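Shown next as structure tokens: one chain only, the form predicted alone.
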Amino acid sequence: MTSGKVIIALGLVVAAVLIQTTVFQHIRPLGYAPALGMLTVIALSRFLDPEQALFVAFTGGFFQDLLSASPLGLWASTFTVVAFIALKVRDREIAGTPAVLLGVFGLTVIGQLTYAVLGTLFGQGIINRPEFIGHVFVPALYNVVLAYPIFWLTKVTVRPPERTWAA
């Protein structure tokens, strides 16, 4: 995979983080926003090589750290953990839409829990908040709803071309 694909992947993650930190700061159905940056990292992890996926995940998380009020490195660590797990399970998954949607839900929950645990360790007190359960599961449900367009976009922009006998 060329460095052009990595630049496109970084652009997708940056766009997702920008939308998450601007548009979804004001539009919050049920009081929560989707984890759009995390969803994009999950989708990109299906198509990028492992080193590239981890680089894009860390860079996207670091960008989100810069745009949010969280301690620097918190989102970068979270996105990297999610990408690592996605890379480990991508070849073992059962084919089909339900399996992918279940994977998106599970990886988002793992990411939100990772952020909460790390945030609590760094003094944010996320686990102690009364809305903690909502912050873990509602973004995961939103990500399931948004999975199809994000996966389609990453598929058409980043996935390597299919090899045929003629090529």
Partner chain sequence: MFPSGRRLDRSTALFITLLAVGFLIATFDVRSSGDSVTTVIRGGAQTLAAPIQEAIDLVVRPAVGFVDGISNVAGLSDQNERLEGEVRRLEQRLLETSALERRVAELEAINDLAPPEDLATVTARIYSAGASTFDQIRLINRGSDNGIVVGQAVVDEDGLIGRIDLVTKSSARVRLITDPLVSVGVRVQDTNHTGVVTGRGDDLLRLDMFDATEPVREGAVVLTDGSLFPPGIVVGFADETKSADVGFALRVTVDPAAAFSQLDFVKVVVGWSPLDADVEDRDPLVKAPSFTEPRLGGA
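Numbering follows the first chain given and starts at 1. Keep in mind that this is a model prediction, so the values were computed, not measured.
There is also a form predicted together with its partner chain; it is not shown, and the following applies to it.
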| query | Does residue 107 make contact with its partner chain in the predicted bound form, using a 4.5 Å heavy atom cut-off? | reply | no
| message | Check residue 46 for me: does it contact its partner chain in the predicted bound form (non-hydrogen atoms, 4.5 angstroms)? | response | no
| query | Would residue 23 count as touching its partner chain in the predicted bound form under a 4.5 Å heavy atom rule? | reply | yes
| task | Would you check, heavy atoms only and a 4.5 Å threshold, whether residue 123 touches its partner chain in the predicted bound form? | result | yes
| task | Quick one: name the residues from 34-63 with any non-hydrogen atom within 4.5 angstroms of its partner chain in the predicted bound form. | result | 50, 51, 54, 55, 58, 62
